[in-house]
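Listed next as structure tokens is one chain, alone, in the form predicted on its own.
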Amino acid sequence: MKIRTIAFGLVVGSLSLLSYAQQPIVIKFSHVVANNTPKGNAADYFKKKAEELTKGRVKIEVYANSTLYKDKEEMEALQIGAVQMLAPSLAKFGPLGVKEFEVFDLPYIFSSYDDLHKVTQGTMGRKLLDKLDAKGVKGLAYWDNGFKSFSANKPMKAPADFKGMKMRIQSSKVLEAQMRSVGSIPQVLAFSEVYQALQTGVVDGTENPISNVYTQKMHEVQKHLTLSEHGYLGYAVITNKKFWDGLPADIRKQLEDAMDQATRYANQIAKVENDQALEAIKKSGKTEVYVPTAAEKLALKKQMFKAHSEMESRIGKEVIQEVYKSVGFSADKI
């Protein structure tokens, strides 16, 4: 009788384990932007590819537009395991304690996507991602959004036009230095709060890639958009390191393949989507779009370059110099 009971228990236990093994691994992927942005579309593409390659053994739940966590909350949520995957902007890693990532915030350090990719797709980019391990975070890839432009309710063509303006920024000491270099007053706000802050005059203006301006309808409450392309906004796709290391090796490899495909897709569509957003803003007639002359852009660049030397002690002079070397940048060219 006892043997039968044990045998029955083993069968039930085996079936329970089999049932458990067949349950898909759920990965919650949280982000703060709209679905129809480069990051939003890339996250959806990753979901599609991950579920295809793992044949349903993994289920990706994408939570867009701060529906799960706001950008002030999401990093802690990842570290404690409440969410498994994020794609925060690179500025978020300074407050986490990896200040070297703030090199990406320096104004006018990248002149093109080609220059940028020499860093993000090279050994330096990987080296920076590896620094996240000590924070319980695994860096998987870099995704482009685009180059930022300034918006406000008045024309912003020369450094003097920025004086006294309350400009929204992400939480970044580098961006604070950038704004102060032209006499602006930096205001840190969560991304989800920016539209209302612009609408009510809590801030006078902001900086964003064009796709963010359009999808968040900021152009409806900003009369002027200056195509300064002064800085880069990109993302690092990250996961909880303990969760990632605990995945079966074959699933981890399939997810890496899905991420590689999603990264190529993300970086291909970034420029296209920003160009399309710019055309949509122009057609709306709600914002005057201004293209700075070469002389105006140079004047802005010279003024903002002060942030480079000011941030050397924070980011690390050697990190900044390594980026300069990678992209062929020289202060003498300004």
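Numbers follow the displayed sequence, beginning with 1. From a predicted model like this one, the values you see are computed outputs, not experimental measurements.
Just so it is clear, the following notes concern the form predicted in complex with (2S)-2-hydroxybutanedioic acid, a form of the same protein that is not shown.
Residue in contact with (2S)-2-hydroxybutanedioic acid in the predicted bound form (any heavy atom within 4.5 Å), chosen from N212, N240, S181, Q222: N212. N208 is the sole member of T120, S228, Q84, N208 with a non-hydrogen atom within 4.5 Å of (2S)-2-hydroxybutanedioic acid in the predicted bound form. From the list 256-264, 228-236, 122-130, 93-101, the contact stretch for (2S)-2-hydroxybutanedioic acid in the predicted bound form under a 4.5 Å heavy atom rule is 228-236.
The candidate spot formed by N153, M165 and D204 is out of contact with (2S)-2-hydroxybutanedioic acid in the predicted bound form: none of the three has a heavy atom within 4.5 Å.
Heavy atoms of F191 reach within 4.5 Å of (2S)-2-hydroxybutanedioic acid in the predicted bound form, making it an interface residue. Within 4.5 Å of some heavy atom of (2S)-2-hydroxybutanedioic acid in the predicted bound form lies at least one heavy atom of Q170.
Although the partner is absent here, S149 sits far enough away that none of its heavy atoms falls within 4.5 Å of (2S)-2-hydroxybutanedioic acid in the predicted bound form. Among heavy atoms of D71, some come within 4.5 Å of (2S)-2-hydroxybutanedioic acid in the predicted bound form. If you take 32-58 and check each residue for a heavy atom within 4.5 Å of (2S)-2-hydroxybutanedioic acid in the predicted bound form, you get V32, V33, K39, in sequence order.
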